[in-house]
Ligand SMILES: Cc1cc2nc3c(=O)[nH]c(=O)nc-3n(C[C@H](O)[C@H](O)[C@H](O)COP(=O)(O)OP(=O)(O)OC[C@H]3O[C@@H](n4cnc5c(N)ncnc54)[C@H](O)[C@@H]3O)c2cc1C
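First comes one chain, alone, set out as C-alpha cells in the form predicted alone.
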C-alpha cells in the first residue's frame, strides 16, 4: 500500500536548488510551516556567477550574511582589446549559502523529505513517486526547466593560479572572444570565462553562449585544451560540464513554478541565480497574505516580466545567427554602451522599455556592416518568435 497523505503544512517546495531553498527559507522566516522535497540535501556543484550588487541585494533581503566572493575587476576581451567593465563580479559560495538556507528551514521546524515529486494536484497537493501525498496552501515547483531546443554549454577546467595573462589577478574574466578562435578553422562562437577559486586554482571555461542545436561539450573541451596548451597550463581535478536551456517553456506541473521551472533563466545569457534568490521573499509574502497558487504564479511571472523575456528571447535569436567575427563585433559595441544600459539588458527584472532601449543603442553603436547583419537577424528571428508564442 502507498504511504498516502501526511499532515498538511503551509508550503511544499519541490526541489532544493537555489530557487527552491530561497523560497523555503523565506517562508520559514515568516512562520510558515515548510516541507522541502528533494532527492538529496547535498550542496550544489555548479559554479554560480552573478554581479556583486546582485549578491549584495540577496544578502540583505534573504541571506543576511556574506554569501560569496567578490571580484573588483571584471574584464571583457574582444578583437578591440581589453575592456574593464567597472562593475564588480561575484561567485556564490555554494556550501555556505546552501547550508544557511537549509538551516533556517530546519530551525523553524521545517522538514526535508527525501524523494521526488511526480505530480501536483490543484496547486496544493504534491504526490511523490512512492505515493506519499504532501498538502499545503501552495506547492512550489523548483525542479528546474525542460531541455529546450537552445542551450548554453560550457566545459570548465581548473588550473594552478594565478594566470594574470589570462585572468586578471583577483578579478574575473567575463568574456574573452579571441582566446578560442582559430582563423584556419572557423567554429561556432565561443568565449573563455574565468575566475580565481578559494583553493588558489583558476577556473577556466570554454563557453558557447547559445547554440541550436547545442554545441557539443567535447568540442568545447578540445578548444579549451588547445588554449591551455598554448599557455603551458595543465588541468587539475575533474572538469565542470554545463548545459543551460535558454528557451524552455515554464513548467505546467500544477504547482507554482519558480526559477528555471518558471522560465526565468535569462534567454540570452543563461544567468538565473540572482533572480532565483530574490524571488524567495516575493513568494513568501504572497503566501502569508493569503494568495493561492494561481495568484502566486502570476506574481512570479507578471506581464511586465513576460514582455521583457520576449525581447530578450528575440535578442537570443539574433545572436544565434552571428558567426565568430560578427559576435565579436556585437560585444565590442555592447560594452561601449553606458553601464546602466548594458546592465539593464543583462537583468530579466528590467523593464521592457529599458531592454528595448539597450537593443536599439547596440544597433546604433555598430558599424554599418554590423548594423545590417544585426537588423537582418531581427527580420529572420521575428517569424520564429511569433511561431513560438502561437505554439
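Positions refer to the first chain, counted from 1. Every value quoted in this text rests on a predicted model; they were computed, and no experiment measured them.
If you look for the form predicted in complex with the ligand, you will not find it shown, but the lines that follow are about it.
>> For the ligand, considered in the predicted bound form: do all three of 52, 81 and 168 come within 4.5 Å of it, counting heavy atoms only?
In response: So, no: the whole triplet misses the ligand.
> So which of 173, 273, 284, 126 reaches within 4.5 angstroms of the ligand in the predicted bound form, heavy atom to heavy atom?
Replying inline: It is 273 that has a heavy atom within 4.5 Å of the partner.
> Given that the ligand is left out here, which of 202, 105, 311, 117 has a heavy atom within 4.5 Å of it in the predicted bound form?
Replying inline: Comparing distances to the ligand in the predicted bound form, the residue within 4.5 Å is 117.
>> residue 76 versus the ligand, in the predicted bound form: is there a non-hydrogen atom within 4.5 Å?
In response: Because no heavy atom of residue 76 falls inside 4.5 Å of the ligand in the predicted bound form, the answer is no.
> Would residue 16 count as a contact of the ligand in the predicted bound form, using a 4.5 angstroms cut-off between non-hydrogen atoms?
Replying inline: Within the cut-off, so yes.
> Quick one: does residue 47 come within 4.5 Å of the ligand in the predicted bound form, counting heavy atoms only?
Replying inline: It does: once the ligand is placed as it appears in the predicted bound form, residue 47 has a heavy atom within 4.5 Å of it.
> Contact between residue 259 and the ligand in the predicted bound form at 4.5 Å, heavy atoms?
Replying inline: Heavy-atom contact with the ligand at 4.5 Å: present for residue 259.
>> Please identify, from 317-325, 181-189, 142-150, 284-292, the stretch that has a heavy atom within 4.5 Å of the ligand in the predicted bound form.
In response: This holds for exactly one stretch, 142-150.
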